[in-house]
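Next up: a single chain in structure tokens, the form predicted on its own.
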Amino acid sequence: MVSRPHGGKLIDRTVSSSRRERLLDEARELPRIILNSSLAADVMNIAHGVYSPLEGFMNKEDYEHVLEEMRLSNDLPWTIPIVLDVDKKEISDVKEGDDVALYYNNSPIALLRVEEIYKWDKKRYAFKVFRTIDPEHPGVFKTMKRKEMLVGGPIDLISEIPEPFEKFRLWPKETRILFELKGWKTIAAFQTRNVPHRGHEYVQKAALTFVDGLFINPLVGWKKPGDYKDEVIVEAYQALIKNYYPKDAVVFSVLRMEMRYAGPREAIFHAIVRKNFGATHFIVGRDHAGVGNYYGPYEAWEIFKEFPDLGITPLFVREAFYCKKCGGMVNEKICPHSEKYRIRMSGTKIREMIRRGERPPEYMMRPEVAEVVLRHPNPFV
């Protein structure tokens, strides 16, 4: 059976077409809060159940519990606060109990019932979530530029946001039906923000050996400079799946959600989100959601011990490398040879080669994938 949604119920905050016209008219008369692309994506993810059991942006009680305990106020595991930041001017005429319209690209996309308006300490948030207040950390840098107040309350989605990769986007309601139709009882989800190299392929196929199906779910949306562009990731995965995976073994879907680079905390958050899509297992990478040297390589594995009630099984597949003596992709558990025979899959090294216009060797990246990446004049953000 596909996993139960986090909290037991898949949230749906979309409105029927009959209500939609009325709410659109209403929205135009209400105070406005202008959203950036990341917040607009959060609205969509709340409305379509990706963030179940959240029905809106967090109130102070849940926000505090998540910061301090990594759980919602009802004790359900949750590690990243989902918050709506505003400045005082935007909400000068708004009080608790009011409705406001959430605007993106000059159009109303949702209504929010204001339950609470409260201050937050951005430095404290950064220290708790990222374990650093170093502005060199991309998550910290982004946090410190956010506005000074938070607004909490449930939302109702009245307009869908255009999705450039609509052809490759499935919501939890859809993936759950699809997994059932395929007869998959066990599904391993793979989170990524990179084009696939042979190490990623090894990890995915190792997981696929033990489950019925693989759910590859790359993030599209805000990423730090130097990461791959969304279209490059999508095209590269299409090439890999078409040429190197059994037919019907993989479901591929993009998820519009920003990378936060919060290391271990974000690993748990990523697992919860994929549980809502119906995944029963979640592949946790080495230095999952890490950046720089802020987190140890296996801290994202250790944190799962704190959440025996998570409701999705983590899969800790060891880092793969190419062994010249074994003649293939292996890991430390199955390769007896010394380091001199091992070629590590370094994402940094592969990026450097691509920047120079060089094709990574086949033991690092499939030729069809390399071809896709090199076809782009500048494949990086």
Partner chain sequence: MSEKVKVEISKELYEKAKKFIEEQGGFNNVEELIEFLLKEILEEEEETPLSEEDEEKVKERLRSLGYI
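All values reported here derive from a predicted model rather than from experimental measurement. Positions refer to the first chain, counted from 1.
There is another form of this protein, the form predicted in complex with its partner chain, and it is not shown here; the text below is about that form.
Looking at Phe168, you'd find a heavy atom of it within 4.5 angstroms of its partner chain in the predicted bound form. By the criterion of a heavy atom within 4.5 Å, Trp301 is excluded from the residues contacting its partner chain in the predicted bound form. When its partner chain is considered in the predicted bound form, Val251 lines it closely, a heavy atom lying within 4.5 Å.
In the predicted bound form, its partner chain stays beyond 4.5 Å of every heavy atom belonging to Arg131. Contact with its partner chain in the predicted bound form, defined as a heavy atom within 4.5 Å, holds for exactly one of Arg318, His65, Arg351, Arg342, namely His65. Contact with its partner chain in the predicted bound form, defined as a heavy atom within 4.5 Å, holds for exactly one of Val86, Leu76, Ala207, Ile161, namely Leu76.
You can rule out all but one of 115-123, 175-183, 280-288, 144-152: in the predicted bound form, only 175-183 has residues with a heavy atom within 4.5 Å of its partner chain.
Annotation for 284-313: interface residues with its partner chain in the predicted bound form are Pro308, Asp309 [heavy atom within 4.5 Å].
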